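Below you will find one chain, with nothing else, as structure tokens; this is the form predicted alone, and questions on how it binds or moves follow later.
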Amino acid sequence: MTGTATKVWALHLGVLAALLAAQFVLPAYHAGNLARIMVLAVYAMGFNIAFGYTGLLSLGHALFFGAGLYGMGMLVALAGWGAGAALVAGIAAGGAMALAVGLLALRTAGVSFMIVTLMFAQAGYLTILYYTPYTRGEEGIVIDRAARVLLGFDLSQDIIRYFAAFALFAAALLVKLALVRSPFGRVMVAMRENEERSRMLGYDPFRIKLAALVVSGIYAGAAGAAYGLLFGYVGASFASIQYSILPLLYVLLGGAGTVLGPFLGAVLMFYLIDLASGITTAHLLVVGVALLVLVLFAPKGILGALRDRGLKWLP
């Protein structure tokens, strides 16, 4: 293992070790927040694979998150499925939805791609509202505590919930780290940097982008299914445009095209909103000012700026 690889793995394993220890030292309130943040960070990781590494700016990721959320929730609430099977189905739903959207949306590019994905997401959101007798619309579905048992563990308990969120986050982080350092990961970056040159080298941009979008959808579906299972609620608001914007904000803040950027962005954005809302009702104004400062002084995000200023090995 080279010196660079040693640094990379040491950093990421160190972050995981710190998160594992956090459960034992943080107050219950912050441990609960961190569990929620880790699940949302998995969602943002998926968005980062599409946007940060492949250059696909999607405004439709709430559709993939919602597919995982409702794919799990409706099977548990309406079909009586167990948590494990419903979780797998939710993950598959996110990937399948990304595949279906990608086959159509990737016929466009740039701003057109962004608009088409937004339209798909809005169609999904309105579908949830239209079929309220099944989805329960804005009211949402409350997952019974008895149904939130996975492999004998009660996910409604705070400690179990934290470690389940940690397990999901750790798996997603390590898989993503391996992915972006693999030959396929290098090709994704090549597509982002110069699609025409990549085509001349023999790579099919449509297939590479579609594969990246499906992986992104699997991450989003996993986060959605896990969120509903861990926190016991499935609602239409999670499929709204707000949840397409959130992962974009997380990634821009932490650093697009970095493995840890989505997690750092999710932590900072979550607590920025939490602290600002305790001071003023105009907390979104505070968030907007913070993002404006970021765009002006660190347009590549925090970790992107650190990589440009010395930490060249940061993936």
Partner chain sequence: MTSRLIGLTPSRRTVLGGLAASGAALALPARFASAQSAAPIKLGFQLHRTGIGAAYGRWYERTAQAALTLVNEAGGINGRPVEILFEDDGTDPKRGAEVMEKFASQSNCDAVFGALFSHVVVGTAPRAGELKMPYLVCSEGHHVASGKMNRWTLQPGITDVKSQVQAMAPWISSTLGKKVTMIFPDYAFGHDHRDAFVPAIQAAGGEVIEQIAIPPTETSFTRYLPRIPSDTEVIYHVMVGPAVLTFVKELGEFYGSGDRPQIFGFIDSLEAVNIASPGLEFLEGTHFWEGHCRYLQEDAGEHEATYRAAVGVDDTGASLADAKDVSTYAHMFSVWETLFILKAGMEAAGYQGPADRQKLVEAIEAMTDMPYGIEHPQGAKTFNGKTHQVFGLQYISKVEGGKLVKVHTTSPEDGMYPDEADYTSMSF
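As the structure is a prediction and not an experimental result, all values here were calculated from the model. Numbering follows the first chain given and starts at 1.
Keep in mind that the form predicted together with its partner chain is missing from the display, and what follows is about it.
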Quiz item: Any chance Glu193 has a heavy atom within 4.5 Å of its partner chain in the model of the complex?
Solution: no
Quiz item: At the 4.5 Å heavy atom threshold, is Ser198 in contact with its partner chain in the model of the complex?
Solution: no
Quiz prompt | Contact label in the model of the complex: Lys176 to its partner chain, heavy atom within 4.5 Å | solution = no
Quiz item: Could you tell me if Ser237 has a non-hydrogen atom within 4.5 Å of its partner chain in the model of the complex?
Solution: yes
Exercise. Flag this candidate site as yes only if Thr132, Tyr243 and Asp274 all have a heavy atom within 4.5 Å of its partner chain in the model of the complex; otherwise mark no.
Key: yes
Quiz item: Quick one: which of 257-265, 41-49, 66-74, 25-33 gets within 4.5 Å of its partner chain in the model of the complex, going by heavy atoms?
Solution: 25-33
Exercise. With its partner chain left out of view, choose which of Ile159, Ala85, Leu99, Val142 has a non-hydrogen atom within 4.5 angstroms of it in the model of the complex.
Key: Val142
Practice problem: Output the sequence-ordered list of residues from 274-294 with at least one heavy atom within 4.5 Å of its partner chain in the model of the complex. | Solution: Asp274, Leu275, Ser277, Gly278, Thr281, His283, Leu284
